[in-house]
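Just the one chain here, laid out as structure tokens, in the form predicted alone.
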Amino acid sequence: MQFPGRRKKVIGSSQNDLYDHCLQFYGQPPLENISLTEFETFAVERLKLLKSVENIGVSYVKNSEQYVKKLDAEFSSLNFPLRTELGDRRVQGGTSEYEKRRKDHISHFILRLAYCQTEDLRRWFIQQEMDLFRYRFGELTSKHKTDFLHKNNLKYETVSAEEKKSLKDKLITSSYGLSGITVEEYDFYKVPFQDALDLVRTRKVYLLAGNAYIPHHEIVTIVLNDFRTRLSKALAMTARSLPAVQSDERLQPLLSHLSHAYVGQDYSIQKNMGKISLEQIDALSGKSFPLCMRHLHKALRENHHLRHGGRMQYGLFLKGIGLTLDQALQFWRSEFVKGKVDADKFDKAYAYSVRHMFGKEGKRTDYTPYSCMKVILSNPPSQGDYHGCPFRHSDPELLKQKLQNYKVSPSGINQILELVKGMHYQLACQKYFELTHNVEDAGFSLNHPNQYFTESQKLLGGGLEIKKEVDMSQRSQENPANMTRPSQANSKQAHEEMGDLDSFFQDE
């Protein structure tokens, strides 16, 4: 496919100019041809990076040593640019710095297309890109920071040694955490005061003749404000032109998928089939189910019925943890007949949908358990429903009561509610995991209810076989393009088929 713009034959030198610095404002869109496979792979890997930025940013103090170390590891594993010098030199079997910068550039613009569609998506994308930019800018040397500013027409003058010496006392007094030695060692930038209003407002800089004297560690605030303004405007412009892009039937399923993509293990692969007995489910729900599935299980036991949204979410989860088709039919039948549904009505109205879920009816598709993003973003619960994400869809007071009933400590509840307030729903669930399993660090980034169950079983010592099989499954999916979605055509087919499955669950 081709990004809009000039023809490929005129790209050569301009692309080299574009990638001569390891960091950019993404002002110029890509102009080259790329394959749909590369389009998808780049997008998935950047999405993984942004999700890691979000998770690490909540787990560690931003810009701390641990925070930087974790992000360094993510950059390295996903092949995004870290070096400041450009060249085609590469580690044997690895990726050159030029290729990393090219991926950084193209992947940013792909996710712009996917995340410009709603205000919530734009807000999330801007926040993660800003945190990513702050980290990358902080890793630059003084020379490369100055080069970046000049390259992007941020003509902030570096204060000379003579001027620093003459203003030394005033700079120390007005700038937080500086000493005489620090003033001499580090750079200061002379910036028009209207470009540094946040720093002026908090009295962190020295003002003289309409200029703010910004210490080196604060210049990122100015640059970030500029970056945010540019990116916000760019997303608004992209949203206006999105209908033209969505008319391309090759891209529309890809972009729709990316905005709530799951980039982890495929839990439709039934490696653990038959390893869970029906008698174990009640006990497992209390110690190894995520809160959403624990909530659904409790509602089913109390009401002997779940509406279609709850049956789909919970039924596919149970399938993912190892229930066979026969077990699932027995489980749902035994529970429903305790309510207002007799065995004959169950066989006529509900059994077909259970078999369909296991790929034994209709199009015979092996349906995938819902990821966290799908639970959070699709089909919000209404009155009488029990599906959805409790951290996203519950009233905070009701969520607090639920957590209290499950013996979560008051301080733990406050931590969870703070994450919910910041709209970090998956991180709130991960914190719930840590609190209910008495661990300080879960050691994984939670993206899927079935992942929660698997990690819980590993921790509790009941998942040794499961761990081995999950690892084998993970290795078989190391290609990111395969990990998220088999292909564009399959994505469209899967969407249609899931809609088909929905229709079988519509009866109440």
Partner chain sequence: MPTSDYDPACLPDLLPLYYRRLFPFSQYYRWLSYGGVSKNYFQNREFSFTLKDDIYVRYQSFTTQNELEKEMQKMVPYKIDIGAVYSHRPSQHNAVKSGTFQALEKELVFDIDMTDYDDVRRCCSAADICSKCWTLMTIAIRILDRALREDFGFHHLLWVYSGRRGVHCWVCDDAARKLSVAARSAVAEYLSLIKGGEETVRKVVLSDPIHPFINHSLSVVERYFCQYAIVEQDILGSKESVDKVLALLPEDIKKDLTVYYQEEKNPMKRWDRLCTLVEHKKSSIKKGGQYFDKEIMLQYCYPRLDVNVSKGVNHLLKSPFSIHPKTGRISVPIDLKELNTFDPFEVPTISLICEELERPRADEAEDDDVKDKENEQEAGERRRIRDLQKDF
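What we label the rigid core is the largest C-alpha set whose atoms superpose within 1.5 Å from one form to the other. All values reported here derive from a predicted model rather than from experimental measurement. Positions refer to the first chain, counted from 1.
Here the subject shifts to the form predicted together with its partner chain, a form of this protein not shown in this document.
**Q** Which listed residue (280, 79, 174, 221) meets the criterion of a heavy atom within 4.5 Å of its partner chain in the predicted complex?
**A** By the 4.5 Å heavy-atom cutoff, the listed residue in contact is 174.
**Q** With its partner chain left out of view, which of 194, 382, 166, 229 would have a heavy atom within 4.5 Å of it in the predicted complex?
**A** Going through each option in turn, the one that passes is 194.
**Q** Give a yes/no on whether residue 137 approaches its partner chain to within 4.5 Å in the predicted complex, heavy atoms considered.
**A** No, residue 137 sits far enough from its partner chain in the predicted complex that none of its heavy atoms falls within 4.5 Å.
**Q** Though only this chain appears here, would residue 205 touch its partner chain in the predicted complex if you measure heavy atom gaps against 4.5 Å?
**A** Residue-level check for residue 205: yes, a contact with its partner chain.
**Q** Would residue 201 count as a contact of its partner chain in the predicted complex, using a 4.5 angstroms cut-off between non-hydrogen atoms?
**A** Output for residue 201 is yes: heavy atoms within 4.5 Å of its partner chain.
**Q** Quick one: does residue 170 come within 4.5 Å of its partner chain in the predicted complex, counting heavy atoms only?
**A** Yes.
**Q** Out of the stretches listed (186-194, 239-247, 424-432, 352-360), which one is close to its partner chain in the predicted complex, meaning heavy atoms within 4.5 Å?
**A** Contact-bearing stretch, as computed: 186-194.
**Q** Taking 2 Å as the cut-off, check whether the CA of residue 200 shifts that much or more between this form and the one not shown after a rigid core fit.
**A** The answer is yes, as the C-alpha of residue 200 shifts between this form and the one not shown by 2 Å or more after core alignment.
**Q** Aligned on the rigid core, do the two forms place the Cα of residue 169 2 Å or more apart, comparing between this form and the one not shown?
**A** Residue 169 C-alpha, core-superposed: shift of 2 Å or more.
**Q** Would you say whether residue 191 is displaced between this form and the one not shown, judging by a C-alpha shift of 2 Å or more on the superposed rigid core?
**A** After core superposition, the displacement of the residue 191 C-alpha between this form and the one not shown reaches the 2 Å mark, so yes.
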